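As a starting point, one isolated chain is supplied in structure tokens, in the form predicted alone.
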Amino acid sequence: MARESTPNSTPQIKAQLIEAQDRFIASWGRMGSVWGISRTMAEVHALLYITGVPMCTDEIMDRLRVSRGNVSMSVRSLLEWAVIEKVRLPGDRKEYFQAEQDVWSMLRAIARERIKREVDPLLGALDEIGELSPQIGSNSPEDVIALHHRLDEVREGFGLITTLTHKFAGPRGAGLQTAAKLLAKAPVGRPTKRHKATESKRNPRRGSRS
């Protein structure tokens, strides 16, 4: 049986490298819709992150095969998200852009931006709805009381998420990474004593020794 050839030449290695980068860019671009951002914006960010080198607008256009307008809008948004930054190269008058390479810093920035764009407007809307709704009084109907209770529950839940995000995803803190590691160590699916007793009644042989 013939052995598979190994990529021992520079063109082969470069081709494989580009293919791996392109796959990452495509996957990151598909995930962009989950964040509520455009595919091009996600792909520009993915390109700058996975290559790890500063790139100018023309280089981004050539690599992703997108228009200058799309690159400009994407870069502007990514700068607002604080996941890329402008850099200057010695002897070059062009503007270059470089992605944040620390994954946890990048995730914190994304979390803060999503809270600002998605949760904060919802909390504002809940406050307006509460003010427009019939106010609770001594003789308020049950459905009015229930409405305010539901609004308060949603407001409290999302308010807690916002507080945790600001605490764990601060621009300089490492709280997000710490929290993730602590949560990863927490037991998942551990059966309770009641659950074990129920399973023992259903399967009496499971707890017996052979």
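Quick note: we count residues from 1 along the sequence shown, nothing fancier. Treat the numbers as computed from the prediction; the structure is a model and nothing was measured.
Below: the form predicted together with the DNA, not depicted.
**Student:** Heavy atoms within 4.5 Å of the DNA in the model of the complex: which stretch in 146-154, 57-65, 159-167, 44-52 meets that?
**Tutor:** Stretch 57-65 is the one.
**Student:** Which listed residue (Q101, S133, S140, S72) meets the criterion of a heavy atom within 4.5 Å of the DNA in the model of the complex?
**Tutor:** The residue from Q101, S133, S140, S72 that makes the contact is S72.
**Student:** Please run the contact check for E80 against the DNA in the model of the complex: heavy atoms, 4.5 angstroms, yes or no?
**Tutor:** No, E80 is distant from the partner.
**Student:** How about K116 - does it come within 4.5 Å of the DNA in the model of the complex, if we only consider non-hydrogen atoms?
**Tutor:** Because no heavy atom of K116 falls inside 4.5 Å of the DNA in the model of the complex, the answer is no.
**Student:** Might E95 be said to contact the DNA in the model of the complex, defining contact as any heavy atom within 4.5 Å?
**Tutor:** Output for E95 is yes: heavy atoms within 4.5 Å of the DNA.
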